[in-house]
Structure formats: C-alpha cells, structure tokens
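Quick heads-up: it's one chain on its own, the form predicted on its own, in structure tokens.
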Amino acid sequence: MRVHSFSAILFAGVLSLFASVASAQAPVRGGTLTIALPTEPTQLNSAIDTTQQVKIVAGKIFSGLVKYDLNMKLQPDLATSWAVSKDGLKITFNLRKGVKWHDGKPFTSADVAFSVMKAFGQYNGLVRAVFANVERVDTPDANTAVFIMKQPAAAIMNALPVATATILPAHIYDNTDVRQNPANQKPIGTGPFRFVEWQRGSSIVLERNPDYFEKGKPYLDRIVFRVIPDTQSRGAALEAGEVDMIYHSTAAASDARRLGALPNIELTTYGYIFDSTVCFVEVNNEHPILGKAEVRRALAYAIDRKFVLDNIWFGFGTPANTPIHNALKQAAAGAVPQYAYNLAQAEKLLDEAGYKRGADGVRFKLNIDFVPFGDQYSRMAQYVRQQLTQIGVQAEVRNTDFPGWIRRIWTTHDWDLNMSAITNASDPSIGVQRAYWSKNIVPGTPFTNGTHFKNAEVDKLFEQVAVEQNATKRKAQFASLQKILATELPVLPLVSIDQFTLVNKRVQNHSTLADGVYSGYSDVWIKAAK
C-alpha cells in the first residue's frame, strides 16, 4: 500500500522521482480501463460544469491550453508555448498546428476565443471570476491566441488545464445556447479519446482517438465508465477486478486502507493538487436563525473536527480551521478564531442569542442535506445531527440524488445545513472566491456561492487578491480573508481532505499530472498480466 500526504506531494522534491519511476517500464499499447462513477453526469461539457463526474469523463475527450506536472510546472497541451507581458496585461499562446476536432474540423484560435469569452468565461463557476479579467481574445492568425486583460489576474496561469478551462469547438457551439447544446450529450473534442456511447444508468464508453496530436498516444484502446451509485458495491467491484479505479475518495474511507493493502491494489493521494478539497458544514446564510453569525459560531463549538477526521475520513487529511486548504502555502491562514469542541459553550451562545430550550428541550429544528459522493458525507450528516441534538437543536437528515441535491442547494435554495466540500483548485482565487464572493450568487449554477453569504470586505479582498502580483501582499490578503471567514462562518470547516484514488496496479501513469484522474490519460497504459 502506498499512501502519500497531499502536502508532501505539492511541495516535496521527490515528485519528479515518482513520475520517472512510474514511467520506467516501456508503455504497452492496448487494453480497456474501467473506472467506477459514483454518480451519473447529466451532461459531458466540463467548460460549464466542473462537477467531478463530468470532469473525469470530459477530461479525456477535450483538451486545455496547458497541462501541469506534479511540481505545477506548465507543460504543452493545445498551446506549445506562451508568454506573459511584464505588466500581466497580455498573454500570448502559440497553438499547435494540425490539430483536428473529433469530427475532422481544424482546431484554431477561434475556438480558444469562443471558449474564453462565451463558454467557461461565463458559465464555469470555478474560473468565471478569474477569466472575467479577460477583456478580449485576439486571434491574429489561426495558430495564435492573445488574451488582452482588463487587469492582471494573478491565478490565470494556474487555471488553464482541461479540467477547469475546457476548450470547446466554436463551430459546434457558437451562436447556440451552450448549456442546452446537443453536443453536451455527445461531445466532440480534440482529446486523446473520442465519445462512443452513453447507456443511461449503466456506462459511458470512449475509444482511442487515432488522430490525437501527441504522436503514438494514447496507449489505451478504450475507457469505460461504469455507473455504480452504491459505495460498498464500488469497493466490491474493485476488489473483484470488475473495475480498475475508484477516484476522488468515493470508496468508503473506512474500507480504503484495507483495499489498499491488497497485493493488486494501490492507494494513493497523488494527482489532486487541483482539488485541494475542504469539507465543511455549509450553512444557508438567508435562514432566519442560521443567518446570524452568533448561531453559526455556537454550532461550530458543537462539532469535534478531530472526531470527523479520525472516524469518518479515517485520517485522510487534517482538521480545517478555514475554507482554504492548508496545502496552499501561498495562502497560509495565520491567526484565526478557533472553535475547540465544547458543548457547554455552544449551549451558552445559543442561550445568549435568544434560542433557549423549550419545554420539550428543543431550541429549533433544521434539515440536513449532504452531497451523495461516497459514504463520508452521509456519515457526517448523521454525526452532526447527533451533535446538534445534544445542544437542543432537532435535525432531520434528508437523502437526495445528485440532480435533486444540486437543484435544492443552488436553484430552489430550499435547505438549512449541507454536508459538502469545495475544491480550492491550485489557488484560492480559482476555487474559493466563487463560494464567498457575493457577485457569484448565481441561481442554477452549481458550486458557486450557494450559502448566499454577503460581506463587502470579503468581496473587496477577493477582488484585490485576484489581481495582486506581489506574493507577500497576496499572502497578507488571504490571511485577512480567512480571519473574516473564520469569524463570520458562512460554512463550518471540518477537514482539509487528502483525496485518494484506489487503482489496480496493472494501471500505469494514472497520477503523473497535477489534475491526476481529471487529465486526458494519454500517457496511461495497462501492464500485461504475467
């Protein structure tokens, strides 16, 4: 079994060694890779939907401008080279020549311009704020795309892999409603694999793209994504050899270490630099009771974060004090308010807030929802329900499928507490701003500001840090942001997660890039059975 600390992955110098060891044996052509999907996507366009079940499929079909190795060093993808002006107001990308979309049409700079200005620049909650700084994309020729910036965007060069900035075909999407285009169900990309079929409720099948621009790649013949909603069934399928991979911690954490100890299974946390996920209790800030910060602080005292880490996440991570993952050292929190587990303090604060226990011992009632990925979030919901009961808050846990959960949180806004998590990505300006910036309250767009938290100082700081070029000043701004967020508590941070992948050891090179399982898998190959 091999388990790697997320923080060590991001910063240690042994990363390149891992990559070289993983690639020491010559790749073999052929074979089918089978990946377990915990939830079926609703569509396959990751330019407008960055949920993990969309990204893992679409990342094999589409391409980004660049890739990132495990040291976050930029590598060519659709762009072969790039240059940023000294003032940060002009970024020039030299694009690959001869690249074709899967329908045979040529890839050009017009596709880049369309994608930035009309696709992920508008509809992608993860990077929308970053790309809002792009005034236009000039296309002096078919192989050159130039970002002309309104102002510098400090994180923009960290926001360009396929998983966060998917390049779409303009000839398919321009002058259409991108969100409703039929190609979202049968995508046409430039990536290493082509879409073949989607059997609803069962599987999605991709096949090798014979015209892929990386010579000799991909090595795999096919990738099959099997929809397996039940957590225990996913683990059983991996153990039985029916699937090769379970990704993004969607096996039961309680079972992951046992599976990872099997001789044919690897357990790793490599390949999640672009996730840097923090799980939390999300709070509806428009709720008549939960909308009060003093109530949210009371609830924070009722939850033992160390218990959550040890007994629900089984040690995959560290306790979190803020919504920013502790592996993002450019945004170290500094001193922030702490909420050590203390039920008496929780009760005292609720009393002071005017919510005393009634004759039945109940102060008020709440509903608890949870994201249906793995069993960790449902277990978090049950644990929080039990803890709230001890302080006189009666709560009911609601079980909803993924589309219903998305609709409840971001469309109808019919919820109280929500067990969820957010990907910080490689910089908080990419992954965190979207969740707390008041301008990112976008009904119907998942993984934006679903809590409806509004704070003018937070807005100002996020806007400043997004354009600040000085690393020291950025760190101070991030520290100020986290102090406010840890005081106001729009969410109750629980664990900075070390996301894990369980994979059959016959699968090679699956986690050699910063976006790991969400990358194109052009380098992945399968070792022949002995």
Partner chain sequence: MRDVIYRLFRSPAALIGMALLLLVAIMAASASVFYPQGPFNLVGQPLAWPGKLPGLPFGTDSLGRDVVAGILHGSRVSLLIGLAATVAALALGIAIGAPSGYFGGWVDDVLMRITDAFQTIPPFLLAIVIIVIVRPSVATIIFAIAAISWPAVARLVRAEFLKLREAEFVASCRLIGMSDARIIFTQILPNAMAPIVVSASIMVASAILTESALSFLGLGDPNAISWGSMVGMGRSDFRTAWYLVAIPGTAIVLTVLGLNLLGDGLNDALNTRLHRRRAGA
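Numbering follows the first chain given and starts at 1. In this text, all values refer to a predicted model and were calculated from it rather than measured experimentally.
What comes next is about the form predicted in complex with its partner chain, which is not displayed.
Student: State the residue from Phe213, Tyr301, Tyr383, Tyr377 whose non-hydrogen atoms include one within 4.5 Å of its partner chain in the predicted complex.
Tutor: Spelling it out, the residue with a heavy atom inside the cut-off is Tyr383.
Student: Answer with one of Leu89, Leu343, Ala132, Val397: the residue that has a non-hydrogen atom within 4.5 Å of its partner chain in the predicted complex.
Tutor: Looking at the other structure, the residue within range turns out to be Val397.
Student: Does the trio Asp230, Phe314 and Arg408 actually contact its partner chain in the predicted complex, every residue with a heavy atom within 4.5 Å?
Tutor: Yes, each of Asp230, Phe314 and Arg408 comes within 4.5 Å of its partner chain in the predicted complex.
Student: Given that the partner is absent here, does Gln387 sit within 4.5 Å of its partner chain in the predicted complex, heavy atoms only?
Tutor: Gln387 belongs to the contact set for its partner chain.
Student: With a cut-off of 4.5 Å between heavy atoms, is Ala327 one of the residues that contacts its partner chain in the predicted complex?
Tutor: Close contact is absent here: in the predicted complex, Ala327 is far from its partner chain, nothing within 4.5 Å, heavy atoms only.
Student: Ala252 versus its partner chain, in the predicted complex: is there a non-hydrogen atom within 4.5 Å?
Tutor: Yes, Ala252 sits close enough to its partner chain in the predicted complex that at least one of its heavy atoms falls within 4.5 Å.
Student: Mark Asp351 yes when one of its heavy atoms lies within 4.5 Å of a heavy atom of its partner chain in the predicted complex, and no otherwise.
Tutor: Residue-level check for Asp351: no, no contact with its partner chain.
Student: Only one of 175-183, 303-311, 423-431, 112-120 gets a heavy atom within 4.5 Å of its partner chain in the predicted complex; which is it?
Tutor: Going by heavy atoms within 4.5 Å, the stretch is 303-311.
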